[in-house]
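Heads up, what comes next is one protein chain in two forms, each shown on its own as structure tokens, labelled structure 1 and structure 2.
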Structure 1
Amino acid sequence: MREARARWARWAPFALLLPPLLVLALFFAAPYANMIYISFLTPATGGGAYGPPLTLGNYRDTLGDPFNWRILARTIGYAALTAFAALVLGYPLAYHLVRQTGARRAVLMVFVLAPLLVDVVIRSYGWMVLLADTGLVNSLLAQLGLPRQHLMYNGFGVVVGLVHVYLPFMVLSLLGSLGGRLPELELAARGLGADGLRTFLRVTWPLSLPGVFSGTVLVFVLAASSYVIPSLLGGNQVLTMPMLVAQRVLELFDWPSGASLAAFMSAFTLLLLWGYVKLMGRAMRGIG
């Protein structure tokens, strides 16, 4: 009887693990593995059929097409610009937010995070209302007697939208490294005779680097894989990598090519990140 109970006690927990593990293995891990496999299969002409033999042809085509490189460069350019802008906007916000307490802090936190819960399409729509040629900003400009500006269906609109959507993630990353014992250390620096600017340059900024690092990486990755914002705020003028992948898959039914494009995009993003990690690692030596 004791043996039976001991055996039950040992195996019962797996009943908890099994369902979620199976579901994720079957509908998350397996599809990704399958996608990578398919990127090595030979595409058939027309209709989405594909099959053996295994080939590197898809990658050769993907890498050999200058158009893909151009789109990739643009996607990465927007993502980098977005990460930078989000840092510039997010840093003062996070610095301010960390130093608030109690209910005030909770309310401000909700302001930062609530936009994340609103459908991305609707947030983009908000920007469309603001930035369109007949939009709010332009009607304001007209009232002031200023000329109209093209604010969307171009790179500017896309970056504004991307910054807005991913700024909260930047703030969250920064909060961690701007809080803690940093305010105390700043006071210590002031006590030792450093002025505001030198305190920032010698204490605040170096110690916040881990947050800056994780925030920029996060926003960069998210922005590079965004689909909705460039489609809506870029109109048909701005094509990015995720749009290209979706197009191959949904409109051309060319899956081996779409899959290899997805792998290409992921691999290149990872490569860039790796370089960035090395670079930041050197800058952050001793902060951990």
Structure 2
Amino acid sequence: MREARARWARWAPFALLLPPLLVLALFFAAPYANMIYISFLTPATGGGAYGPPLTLGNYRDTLGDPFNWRILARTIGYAALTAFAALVLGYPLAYHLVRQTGARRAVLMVFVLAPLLVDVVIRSYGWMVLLADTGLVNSLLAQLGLPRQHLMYNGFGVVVGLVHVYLPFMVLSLLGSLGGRLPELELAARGLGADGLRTFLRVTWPLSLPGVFSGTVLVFVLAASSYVIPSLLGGNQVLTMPMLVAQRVLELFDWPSGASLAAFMSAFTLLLLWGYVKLMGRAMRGIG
């Protein structure tokens, strides 16, 4: 009996890890491996069919086309701007939420999480109503005697929609690191003679760095891979990498080319995230 219990104690962690590992393998690793395999297949001349032999031509065409690099730079730029704007807007909100207690904090959390209950398509159409050339914002500008602005079907509209949709993820990430004993630590710093700015730089900001890191990474990845928001708020005027991949696969039926574009974007994004992890790791070690 003791031997059975000892054996179960040794294998229990692996048994608990097995279900999530199987889910990851089935719904993430296997599809991704299949995408990589398709990216090396040879497309037919007329499009549609593809198959052996394996070739590097898809990656040669993808990497050698300056158009793909411009679309990738635009996608990464929008994602980085979205992450930065979400951090600037979400940090004061998360800081305010941490200092609330009881029912007031619960109500504010409901307001933060409520947008997540609404589908992305519906929220994007809501912004279309607001930002259209004849929408609410331009109607207000016209009533004030100001010139109408082109707020949609451009980068501005896309970034506004991305920030609105992914802002709650930034706030939740920051709450995880700002929570706990932040008010007490700030009070102690002020009691030791630190002013507001020094308290923020020496206490609040270092405590929030893990949340800043996780929030910016999460928002950046979600914004870079977003398809619906750029499609609706950018229209045909703003083309991002996910939209380009969808065009290659769904309109041109060129699966190998689309797969190579997706793999190219994934590899480039992972490279950027690796550099960001190194940079943030040094920043957190330096402050600590």
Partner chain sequence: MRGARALAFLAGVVYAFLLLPIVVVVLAALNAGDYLTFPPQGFSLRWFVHFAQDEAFTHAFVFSLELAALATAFATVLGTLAALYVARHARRAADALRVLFVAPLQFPAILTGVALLIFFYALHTKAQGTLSLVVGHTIICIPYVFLAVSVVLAGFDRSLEEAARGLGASPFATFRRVTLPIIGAGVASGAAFAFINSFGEFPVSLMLAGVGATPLPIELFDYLRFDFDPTAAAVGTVNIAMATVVVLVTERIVGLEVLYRGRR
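One-based numbering along structure 1's sequence throughout. In this text, the rigid core denotes the largest set of C-alpha atoms whose superposition between the two forms falls within 1.5 Å. If you're wondering where the values come from, they're calculated on a predicted model, not measured in any experiment.
Point to revise | Label of the structure corresponding to the form predicted together with its partner chain | key: Of the two, structure 1 is the form predicted together with its partner chain.
Point to revise | C-alpha of L63 moved at least 2 Å between the two structures on rigid core | key: No, the C-alpha position differs by under 2 Å between the two structures.
Review point. Is the C-alpha displacement of L18 equal to or greater than 2 Å between the two structures once the rigid core has been superposed?
Key: Yes; L18 is a residue whose C-alpha shifts (by 2 Å or more) between the two structures when the cores are overlaid.
Review point. Hey, does F28 budge by 2 Å or more at the Cα between the two structures once the core is superposed?
Key: The answer is yes, as the C-alpha of F28 shifts between the two structures by 2 Å or more after core alignment.
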